[in-house]
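Just the one chain here, the form predicted alone, laid out as structure tokens.
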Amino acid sequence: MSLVLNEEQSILQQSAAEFFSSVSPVTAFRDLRETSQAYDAETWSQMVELGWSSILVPEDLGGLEFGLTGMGVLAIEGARTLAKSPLSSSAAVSVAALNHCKPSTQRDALLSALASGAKTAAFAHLETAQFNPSIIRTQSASAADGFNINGRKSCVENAQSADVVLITARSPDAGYSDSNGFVLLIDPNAEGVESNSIGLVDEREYADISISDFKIAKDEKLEWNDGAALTQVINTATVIAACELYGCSLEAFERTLEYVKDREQFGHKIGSFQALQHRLAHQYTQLELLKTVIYDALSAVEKMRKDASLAVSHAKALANDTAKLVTTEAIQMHGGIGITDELDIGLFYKRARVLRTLWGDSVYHRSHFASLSGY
């Protein structure tokens, strides 16, 4: 169990904090809102040069193989400035999905391309409005020269800007909960693939993808390593979302703390009011608890511990609850200006609001935690 960062991870954290604050601050997020871009290509190129796109890629395929905790550190620091990039969707979740597929020429080539920044990818799995990762209705039926695909995927992050979308699918004769399904590599702009944008309050790129009688070649279908592979990929996506929630919450808390130290009311700094001090102290303890729980979950997934799913559900449920507490308190302590767009604090609230539902809300993860614990 790892509850603290080692020396190399701490150095990565420091360099990431410096990079995001100088190259991709909140003002950069605001500027991107005025464009049709999912992210700034130049900023992403700099991340690639730093090796961040190859953090999880095996060394023999051009990657650093630094580990999931390193990727979690980047997700936390990026969330603190609301940085928009394919870091989570491509370098974390999509690479994790490919790592859990059986080796093949196509898989290895794509991993190398993702590591070098030549391509980006998006992972499309969820299909239902309510989070239920066990249901797969998308079908892959054999054809003479490949496979025919039919199905629909919901709320895929960075799907329209990605070069490749990784689609989870099953054979027509398998049940909806087929854990031995496939991963299909699809061009999001190809004929037979329809991508419809979704506008969420965090103002990032999401899309529903519909696939109708879409034909792919045999080498564009990848198989999972084993029956637990999909669960491990979902765990990766979930714990990275928890990391982003922690980053948003930590930044909102620190900004609020600075604000109450300066804001005067009734002739006194409002930070001197004991009621606010108690509320801030409660947030601080929750954030400290969340940090250790997230580090443990990252370690559990990275080392493929038997209790990895349990640790991930613990982390996501706590991250959801802590983000709700901290960002709501941040709005309240900033008063009327807290709900205005001109103040950054509301942007963290909106981002956290979306992340709290992505990859499972608190109700789902508490239920999942109880189920895994035998209740």
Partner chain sequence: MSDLDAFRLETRAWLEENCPKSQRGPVTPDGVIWPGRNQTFPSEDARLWFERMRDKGWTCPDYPAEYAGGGLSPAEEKVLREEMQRLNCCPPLTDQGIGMLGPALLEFGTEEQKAEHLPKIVRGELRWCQGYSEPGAGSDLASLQCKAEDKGDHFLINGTKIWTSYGVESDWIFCLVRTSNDGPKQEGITFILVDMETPGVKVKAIDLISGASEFAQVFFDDVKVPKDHVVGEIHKGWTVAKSLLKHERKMMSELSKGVLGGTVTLPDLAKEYIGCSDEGEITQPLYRDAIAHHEMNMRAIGLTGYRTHQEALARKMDTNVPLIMKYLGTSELQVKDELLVDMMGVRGLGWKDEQFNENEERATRELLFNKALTIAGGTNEIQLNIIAKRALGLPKGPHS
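Please read these numbers as outputs of a predicted model, since none were measured by experiment. Numbering follows the first chain given and starts at 1.
There is another form of the same protein, the form predicted together with the partner chain; it is not shown, and what comes next is about it.
Visitor: Quick one: which of 262 to 270, 106 to 114, 75 to 83, 138 to 146 gets within 4.5 Å of the partner chain in the predicted bound form, going by heavy atoms?
Guide: Within 4.5 Å of the partner lies stretch 262 to 270.
Visitor: So, in the predicted bound form, is V193 in contact with the partner chain at a 4.5 angstroms heavy atom limit?
Guide: Answer no; every heavy atom of V193 is more than 4.5 Å from the partner chain in the predicted bound form.
Visitor: Answer yes if any heavy atom of F66 is within 4.5 Å of a heavy atom of the partner chain in the predicted bound form; otherwise answer no.
Guide: Heavy-atom contact with the partner chain at 4.5 Å: absent for F66.
Visitor: Would A228 count as a contact of the partner chain in the predicted bound form, using a 4.5 angstroms cut-off between non-hydrogen atoms?
Guide: Judged by the heavy-atom cut-off of 4.5 Å, A228 is well away from the partner chain in the predicted bound form.
Visitor: Is there a non-hydrogen atom of F182 within 4.5 angstroms of a non-hydrogen atom of the partner chain in the predicted bound form?
Guide: No, F182 is distant from the partner.
Visitor: Candidate spot V26, T43 and K218, all three in 4.5 Å heavy atom range of the partner chain in the predicted bound form?
Guide: Checking in the predicted bound form: none of V26, T43 and K218 is within 4.5 Å of the partner chain.
Visitor: Only one of A317, A38, L61, M47 comes within 4.5 Å of the partner chain in the predicted bound form by heavy atoms, so just point that one out.
Guide: It is A317.
Visitor: Residue by residue through 9 to 25, tell me which have a non-hydrogen atom within 4.5 angstroms of the partner chain in the predicted bound form.
Guide: Only a single residue, S10, comes within 4.5 Å of the partner.
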